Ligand SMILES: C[S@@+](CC[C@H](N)C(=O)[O-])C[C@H]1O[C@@H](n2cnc3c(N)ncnc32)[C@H](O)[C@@H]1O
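One chain comes next, on its own, written out as structure tokens in the form predicted alone.
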């Protein structure tokens, strides 16, 4: 429910493509510091990046690359990166960021659809993406495409949201975009469902990591507002999530944030 700012690589609707073109349009190149890249977005993002820390010499495919920050980081860590995104503006921004950070020789950015990744020059040692799997339909076709491009001993690591909490999904359907509550993302996306995780398990060994509980702290960007939240209240919501994550393990599965790791079988 928070602003993932990711781009689907499988959208066909012109309205959706236009939405993401607008997100990434006319962005200036940014310097990516590999020492701080993992630390800027909390425990789940740090865990996600840690699962990609040993990519030196590997061929890595990133789906839904957006402005190319992750692709640049992976190239800085020694990977040869192929990045793909459906948005022409995202592709252009990613190329500029690769050039700006002196890794253009190791980053190839293509405009394209996730369901067509079999046409790329694989196989790949790693496949990765942030907030992208839940955009792609039919999801079963995406599973087949991942299976086709992943090397026999390859792995995939994805930072994703989750549709497991019925309460959060009710709020997403009935509150986001109404009553002054912002709506992030586009009209077509839906958080990754348990059914889709099950589809991944049919072709891969799958591990689901939940490094933190992201539940009550969602009120900060949605209800309180990220720039006007009283520090005491915002910190209280974060603390509540942290306490529940530590002492009530059964609730971790309802976190809105997760890291999905797949391995070829």
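Residue numbers count along the first chain shown, from 1. Predicted model only: the values in this text are computed from it and were never measured.
Keep in mind that the form predicted in complex with the named molecule is missing from the display, and what follows is about it.
With the partner omitted here, the residue from 127, 143, 136, 75 that has a non-hydrogen atom within 4.5 angstroms of the named molecule in the model of the complex is 136. When the named molecule is considered in the model of the complex, only one residue from 149, 157, 103, 114 comes within 4.5 Å through any heavy atom, namely 114.
Of the candidate stretches 232-240, 195-203, 63-71, 209-217, only 63-71 has residues with heavy atoms within 4.5 Å of the named molecule in the model of the complex. Within 4.5 Å of any heavy atom of the named molecule in the model of the complex lies no heavy atom of residue 109. Taking the partner from elsewhere, residue 86 is found to have a heavy atom lying within 4.5 Å of the named molecule in the model of the complex.
The closest non-hydrogen atom of residue 94 lies beyond 4.5 Å of the named molecule in the model of the complex. The shortest heavy atom separation between residue 81 and the named molecule in the model of the complex exceeds 4.5 Å.
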